[in-house]
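A single chain comes next, written as structure tokens; it is the form predicted on its own.
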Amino acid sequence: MREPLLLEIRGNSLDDGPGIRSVVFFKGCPLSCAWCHNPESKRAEPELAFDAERCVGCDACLAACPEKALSRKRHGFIDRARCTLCFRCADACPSGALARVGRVMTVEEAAMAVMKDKPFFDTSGGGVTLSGGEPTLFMEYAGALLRLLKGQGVRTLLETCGLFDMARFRETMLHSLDEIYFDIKLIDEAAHRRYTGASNVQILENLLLLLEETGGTAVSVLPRTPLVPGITDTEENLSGIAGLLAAHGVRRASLMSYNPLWHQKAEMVGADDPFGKKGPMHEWMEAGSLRRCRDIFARAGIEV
């Protein structure tokens, strides 16, 4: 079984499903969304992050780097072409300004890390959420973790981009899930390819199959759409998504308000930011814009 890199295990979450939850963030995703809220989760390999706000200027990292890949004169501090990811700089950094992104944990270690919060799950109706990145890139690992958690009476939830092999998903994960948050970002295939790097054909097929197969079962499927200014929040895109959902009996969905904090996270890992330094992609979504988007779904008979 391939062990993935995990970004972190975050407890006391109120934003990733009902109740109080622990969230296991996987590293790696088959999509490359231009606005990814967790840009450090796109690549399945380890990365080096630099947080300038945490740097105390001690220069211990400069002495530790064998490749001389660090310089205070360089924008972003790290020459990523020279860096070999030995992480000696991160080991030497006393403030955590330099940090390894992604670590290996066994299924048992991950389960132990979240089970300490089970009393909070039980009293709040919460549980454990698998997020990312994309957990279905590592179905055997994710399935094994889900089975351990279900065996301990923990409710489980998957947040997914929907791009996965359905047959393998049925075999490894579906039977151990209570809820699935399924993202539908763009209804137009060309636009989906442009902004996420992949077709949405399999994603839409998977959604419709899951809606059909889980209907009348204890597993709930919640379609979600992230609202990205000028890209996913358009009348055309939202009307298309709402129409598809309504045609297949969906009466409840989620619209996720845009969060611009990803720009800073992208800079920390040296990721490309195609949207520049200013403009609507750097601003929080206004209440009026969110109401407009909700009204589109409401007209299709879908509660958000």
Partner chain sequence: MLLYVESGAESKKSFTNTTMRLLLNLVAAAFNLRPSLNRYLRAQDGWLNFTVGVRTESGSVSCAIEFREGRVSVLSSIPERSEVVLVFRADAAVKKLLGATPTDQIYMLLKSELRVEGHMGYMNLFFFLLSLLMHKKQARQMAKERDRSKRSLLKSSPRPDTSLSGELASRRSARMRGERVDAGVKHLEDPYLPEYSLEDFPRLKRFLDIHLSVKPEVCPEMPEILTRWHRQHGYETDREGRPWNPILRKGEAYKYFMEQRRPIVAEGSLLAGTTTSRQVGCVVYPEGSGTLIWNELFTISGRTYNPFDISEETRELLHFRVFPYWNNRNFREWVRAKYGNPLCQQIDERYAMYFSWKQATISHTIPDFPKILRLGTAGLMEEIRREMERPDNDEEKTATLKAMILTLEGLRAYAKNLAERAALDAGAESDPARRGELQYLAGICAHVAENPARTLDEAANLVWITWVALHMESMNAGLSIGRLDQWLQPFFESDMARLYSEEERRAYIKHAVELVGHFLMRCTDHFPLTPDLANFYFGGSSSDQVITLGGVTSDGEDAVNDMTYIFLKATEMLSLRDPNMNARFHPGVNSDVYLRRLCEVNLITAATPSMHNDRAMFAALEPMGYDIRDIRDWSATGCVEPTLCGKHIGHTNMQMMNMVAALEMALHDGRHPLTDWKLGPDTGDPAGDDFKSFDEFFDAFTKQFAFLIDRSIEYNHMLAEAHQYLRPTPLLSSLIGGCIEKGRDVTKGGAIYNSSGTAIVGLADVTDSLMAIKKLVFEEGKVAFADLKRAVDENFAGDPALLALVRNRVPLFGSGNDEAVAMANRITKWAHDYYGAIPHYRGGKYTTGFWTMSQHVVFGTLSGALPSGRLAGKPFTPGLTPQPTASKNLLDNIRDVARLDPVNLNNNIAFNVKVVPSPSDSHEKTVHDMFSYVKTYFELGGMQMQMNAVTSATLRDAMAHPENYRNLIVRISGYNAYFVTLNRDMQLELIERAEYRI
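Keep in mind the model is a prediction, meaning the values are calculated, not measured. Residue numbers count along the first chain shown, from 1.
Only in words, not in the display: the form predicted in complex with the partner chain, which the text now covers.
In the predicted complex, segment of 259 to 267, 27 to 35, 56 to 64, 244 to 252 with a heavy atom within 4.5 Å of the partner chain
Of the stretches listed, the one contacting the partner is 56 to 64.
request  = May I ask you to choose, among 109, 205, 212, 91, the residue with a heavy atom within 4.5 Å of the partner chain in the predicted complex?
outcome  = Contact residue from the list: 91.
Query - Listed residue that, although the partner chain is not shown, lies within 4.5 Å of it in the predicted complex (heavy atoms), from 234, 95, 152, 71 - result: Exactly one listed residue reaches within 4.5 Å, namely 95.
* Using 4.5 Å between non-hydrogen atoms, is residue 14 touching the partner chain in the predicted complex? -> Residue 14 belongs to the contact set for the partner chain.
- Item | in the predicted complex, residue 117 touching the partner chain (heavy atom, 4.5 Å) | Yes, contact at 4.5 Å.
Legend entry - Interface membership of residue 84, the partner chain in the predicted complex, 4.5 Å heavy atom rule: Output for residue 84 is no: heavy atoms all beyond 4.5 Å of the partner chain.
Heavy atom to heavy atom, is residue 217 within 4.5 Å of the partner chain in the predicted complex? Contact with the partner chain, no.
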